[in-house]
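Shown here is one chain on its own, the form predicted alone, set out as structure tokens.
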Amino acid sequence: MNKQSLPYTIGFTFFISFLFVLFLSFAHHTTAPRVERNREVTRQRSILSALGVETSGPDQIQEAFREVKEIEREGITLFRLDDGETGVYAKEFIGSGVWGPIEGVLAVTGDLARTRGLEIVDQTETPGLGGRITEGWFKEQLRDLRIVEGTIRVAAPGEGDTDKENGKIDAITGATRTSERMGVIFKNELERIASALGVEL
């Protein structure tokens, strides 16, 4: 067979492509359950983190998540953890950022008097600016923050507001628009949670 001929080149290319596709299909099929499990564990870890439950390792995460009750109210899915008189509720959200959607979890006490925590799952904000919403100092501001007049105010940029009673957090320096969008997300999600729980803000 003439290896320089066009039919040989086409046949060889087809054969090699077929082998690669077969290998990729096999790899996808065999790893799909593990990928799905990892995705679900990551989701559970985000919800637990917002609820204030610290975990490490997939087995511990899944064990801790068994204590969380998933409930449906007013078409909204909430995750309840029995903690204190009113319980704690977490809600997954997708809000509009500057460059794309911001996905996360916001957790609050059942009477909507305080936040419990915030976890950012995915975002496409500018690295080093709006992307800093994933940093610990920013999320820590939402840990046990008092909710004042039904909202969370995003104030002037700083290094993190440590006063948990004033109902406000510091914006991110150089990321005014992202900070404003986060304020809108907080407002919308608090209203949705309040509606689901039948609580006045």
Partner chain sequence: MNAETLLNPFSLFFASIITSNILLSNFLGMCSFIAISKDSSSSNGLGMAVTVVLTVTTAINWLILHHVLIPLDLVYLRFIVFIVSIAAVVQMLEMIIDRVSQALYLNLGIFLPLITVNCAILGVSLFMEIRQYTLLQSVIYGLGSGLGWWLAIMLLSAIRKKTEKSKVSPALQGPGLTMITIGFMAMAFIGFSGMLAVQ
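No experiment lies behind these values; they were computed from the predicted model shown. Residue numbers count along the first chain shown, from 1.
One more form of this protein exists, namely the form predicted in complex with the partner chain; it is left out here, but the text below deals with it.
Checking Gly150, Gly52, Gly160, Gly174 for any heavy atom within 4.5 Å of the partner chain in the predicted complex turns up a single hit: Gly174. Judged against the partner chain in the predicted complex with a 4.5 angstroms heavy atom cut-off, the residues Ser25, Ile94 and Gly100 are in contact without exception. Segments offered: 69-77, 123-131, 108-116, 82-90. Contacting the partner chain in the predicted complex at heavy atom distances within 4.5 Å is 123-131. Residues are counted as partner-facing when one of their heavy atoms sits within 4.5 Å of the partner chain in the predicted complex; in 167-201 these are Gly174, Arg177, Arg181, Asn188, Arg192, in sequence order.
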